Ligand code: UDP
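Only one chain is shown below, in structure tokens, and it's the form predicted alone.
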């Protein structure tokens, strides 16, 4: 069974990827510093605690497991925080990734599946973004991810590293079997925030900005179910194993939903109203960000199966009611 090093494997998307990797016949080795991840989410393979900036620790893990590929999820990802503390994002995301890539190259591990973001495209409203869209990030989070894409390209030219890059924005939902799910401290993602408000775990959901140029005044995002997302990562890994070379893919439905639309669907699924209040816009937030996935569909054969609001909210609500990693 081939080992895959999964950075951030104790986090939301990384833990779902580990489950998918195990089901696909790989041994996922989680590498995580547990700053935002949960050890209880590591259920499908070995766990190695470590930081991306710790080159000696990375060398130990590469030597011990000799992974055939890296699946790289570990990153700080709060847009607002990245606007206030850009150095933190450049050090952790870009600096940590550079250390990881150098360690992988030294160990002869030349395949990378990288979790990037549509935030690399910046604020491009009323268009469906594709892989040829100009990348003009407007915050340190998106800029740091774009820098990592460039690093992988440079190390491809110098060390033969091949990479599949996935750019996506809002990931939602949870494992339908309820083994793992979404839980952050502090929570920043819309659907779990809505569910917390419905469940009385917070007084109300704050809608940041109601004066956007959208039908209901709230910003619009493209949502992808986490299980569909990690299915694409398995396809990307197989793409590299099959020797097809480096490629970037967008992952999205091509349709966006506003904050108020997500709230309305959550109220329908749960049968409960969403307590809410209105606040000012957050720095760095775009009006509308929608990502097409025609290339992923045509070349990888990726077909999202659960990326409807009803499925994403229902799976998240099931996980929400079952309990979290931290009590």
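Model, not experiment: these values are computed from the prediction. Positions refer to the first chain, counted from 1.
Omitted from view is the form predicted in complex with the ligand, to which the following refers.
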Only one of 159, 88, 244, 189 has a non-hydrogen atom within 4.5 angstroms of the ligand in the predicted complex; which is it? 189
Counting any non-hydrogen atom inside 4.5 Å, which residue from 223, 249, 121, 114 sits next to the ligand in the predicted complex? 223
Given the stretches 198-206, 148-156, 231-239, 67-75, which is the single one in contact with the ligand in the predicted complex, using a heavy atom cutoff of 4.5 Å? 198-206
Should residue 170 be classed as touching the ligand in the predicted complex when contacts are defined as heavy atoms within 4.5 Å? yes
Residue 129, heavy atom within 4.5 angstroms of the ligand in the predicted complex: no
Under a 4.5 Å heavy atom criterion, is residue 285 part of the interface with the ligand in the predicted complex? yes
Answer for residue 193 alone: is it within 4.5 Å of the ligand in the predicted complex, judged on heavy atom distances? yes
Taking the ligand as it sits in the predicted complex, which residues of 79-101 have a non-hydrogen atom within 4.5 Å of it? Please list them. 79
